[in-house]
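Single chain ahead, by itself, as structure tokens, in the form predicted alone.
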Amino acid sequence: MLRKGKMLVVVGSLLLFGTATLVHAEEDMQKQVDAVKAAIPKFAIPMREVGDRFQNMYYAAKGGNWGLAFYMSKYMNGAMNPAKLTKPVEYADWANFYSKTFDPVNKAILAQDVKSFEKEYKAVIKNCNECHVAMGYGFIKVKQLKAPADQGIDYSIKSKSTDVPK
């Protein structure tokens, strides 16, 4: 009987110690996840890349470099992926914007239609500025640059929108 009692105390102690260790490990893991999450860009940094790609897209389309225009759009959208984790509500707004409001720009790129592209591009600028105001960022006003954001790219290379690798 005494032996069973000692065994129960040992087993109970191991369970208690194991549970405490697991709780501590879980807390430590959560601290690590929180630290990684804190290091990931929120919304402003990816949005800066979006802005640059958006400006470059215009000059690519105007130069007949439809592959580059589509590439800029594709990676403009991908630049916002960190916000899925860091700003999920705002990311949902972005995803809705890109899939609906921005879609006519992508359709114009795929059709390689400069006239339609310019019209839809300007409509997106207006929409961006309205959204910034609605979200409390009215001090951020998008305008079309007089030159592309990245001067190190040749925007005049003739390409098709379908030239972009999957």
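All values reported here derive from a predicted model rather than from experimental measurement. So that there is no doubt, residue numbering starts at 1 and follows the sequence shown.
There is also a form predicted in complex with heme C; it is not shown, and the following applies to it.
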For a quick test of understanding: in the predicted bound form, does each of 72, 118 and 145 have a heavy atom within 4.5 Å of heme C? no
Find out whether any non-hydrogen atom of residue 54 is located within 4.5 angstroms of heme C in the predicted bound form, and reply yes or no. yes
How about residue 79: is it within 4.5 Å of heme C in the predicted bound form, going by heavy atoms? no
Is there a heavy atom of residue 50 lying 4.5 Å or less from a heavy atom of heme C in the predicted bound form? yes
Tell me, yes or no, whether residue 135 is in contact with heme C in the predicted bound form, where a contact means a heavy atom of each within 4.5 Å. yes
Heme C in the predicted bound form has a heavy atom of only one listed residue within 4.5 Å, and of 131, 114, 40, 110 that residue is 131
Of 79-115, which residues get within 4.5 Å of heme C in the predicted bound form if you count heavy atoms? 90, 93, 94, 97, 102
